[in-house]
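Shown here is one chain on its own, the form predicted alone, set out as structure tokens.
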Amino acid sequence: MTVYANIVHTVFVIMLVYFLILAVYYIFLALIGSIEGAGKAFEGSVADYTPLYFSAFKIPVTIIVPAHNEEEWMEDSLKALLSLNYPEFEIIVVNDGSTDRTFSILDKILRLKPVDTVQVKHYLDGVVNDTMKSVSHPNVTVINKKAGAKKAGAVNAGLNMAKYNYVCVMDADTILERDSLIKVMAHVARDPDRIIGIGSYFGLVNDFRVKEGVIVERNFSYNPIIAYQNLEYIRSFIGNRLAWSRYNAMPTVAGGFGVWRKDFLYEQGGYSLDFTCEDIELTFRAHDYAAKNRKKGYRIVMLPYCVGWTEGPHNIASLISQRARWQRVTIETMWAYRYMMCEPKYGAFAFLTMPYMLFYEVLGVFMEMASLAFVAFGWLTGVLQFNVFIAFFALMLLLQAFTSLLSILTFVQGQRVFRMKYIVYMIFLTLIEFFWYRWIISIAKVRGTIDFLFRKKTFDQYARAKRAWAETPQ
């Protein structure tokens, strides 16, 4: 029994050290993210964007919108883009084999006509059926292509036609704020030689009222599945990515909204069709590129501005489907770029970000489940005392709540979009997250790991909710 007790206690100490190291890391990121977020928020509050309009050095942008069966959001997303507060941009919508009314909605708004194009296909994009230009909006192009080359192929089709040296890639279910692009590009304009990729925060549009591409009422959903996702976005973007960005170690420029320099994309051959998810893989590749061109000091940057709103899963089944895919592609990318782990030439990305991705994002779910099983088993068998079990459990709850609160406070100071009632609701959710939502995510991560081991490669788009209040396009 003594040997058995020693084994249980040793495992307990190992797991306790694991969680303490993770907690210190989270608190460190949250504190650095808070400082970084406050600084960037102040810069944004005093920024003068007038020079971007009238300067001879203003930066034009190509916006690429891949769309597959997006009839629910296509009209509002496009109209939001058309009303962007930015001096010069083009829009390329890639209709990626849609079988719903996506194209008819585009045609109704844009009055499309076929055009002949001659282009060198530098980027692998699959089969393009035809290209159309808008009669009513000369800066808008629609590419109709056959589905099958994943989102990466759709984005690459847009890249093959992109005119400008900065490319903004976004999802078709994202509603951008009018000033989103100018806020982001103002940072690029300050350091165009070094910034090759840049992203910013976006939240969930579920239950918002949107009319003609304008958000007229922000009804933040009290559905806990959606509210928890808003909380996760805040923790991820504000609590983690801002801190990583400070050390040029950000792992993902999110596919929902991200800006890349096209000369970098050109050298890399665009988005890879070999991976299930294009955004995390491209960001890892960008860090590899930056390390190989160290003298140029390339940076991948994260900003705290709320640039827009995107749809999130509205029920447990859809959430598990989405997060299982996220887990699968994270492991897929980590495995492909494993040579960067703790390699000095990759700097903070190799020592700050990749170990976190491995020990928390990839292996963390198994460590967490095993730790609770060991502690519970030790308590039930009498090896561990009840007060030790409770103390361990309380420590996990308090550390999670503390890091969540830091991120929430940082966000609400810089972005006043939530009412106090909703802030209190999210704080309450952090206190009960461990009892149910955490395990939904754990199930999704286990499923995603199994999918990776079985080499699953499908995109697995989750079922979208119907917008009952929206005006149906005619």
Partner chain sequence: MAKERKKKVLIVDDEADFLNLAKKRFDSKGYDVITANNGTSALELLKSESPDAVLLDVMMPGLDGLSVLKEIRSFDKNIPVFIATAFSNEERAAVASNFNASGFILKGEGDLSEEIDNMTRIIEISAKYREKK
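Small disclaimer: the values here were computed from a predicted structure and weren't measured. Under this definition, the rigid core comprises the largest set of C-alpha atoms superposing within 1.5 Å between the forms. Positions refer to the first chain, counted from 1.
Note that the form predicted together with the partner chain isn't included here; everything after this is about it.
Trainee: Tell me which stretch of 330-338, 277-285, 219-227, 262-270 has a heavy atom within 4.5 angstroms of the partner chain in the predicted complex.
Mentor: In the other structure, the partner sits against 219-227.
Trainee: Please identify the residue among R101, R246, R178, K163 with any heavy atom within 4.5 Å of the partner chain in the predicted complex.
Mentor: It is R178.
Trainee: Pick from R209, H122, R299, H137: which has a non-hydrogen atom within 4.5 Å of the partner chain in the predicted complex?
Mentor: So the residue touching the partner chain in the predicted complex, by this definition, is R209.
Trainee: Consider V214 of the chain shown here, and say whether it contacts the partner chain in the predicted complex, taking contact as heavy atoms within 4.5 Å.
Mentor: Contact check for V214: yes, within 4.5 Å of the partner chain in the predicted complex.
Trainee: Examine Y49 and determine whether its closest non-hydrogen atom to the partner chain in the predicted complex is within 4.5 angstroms.
Mentor: Yes, Y49 is a contact residue.
Trainee: Looking at the partner-bound form in the predicted complex, is N85 within 4.5 Å of the partner chain by any heavy atom?
Mentor: Judged by the heavy-atom cut-off of 4.5 Å, N85 is in contact with the partner chain in the predicted complex.
Trainee: Taking the rigid core as reference, does the Cα of Q415 move 2 Å or more between the shown form and the other one?
Mentor: True for Q415: a C-alpha shift of 2 Å or more.
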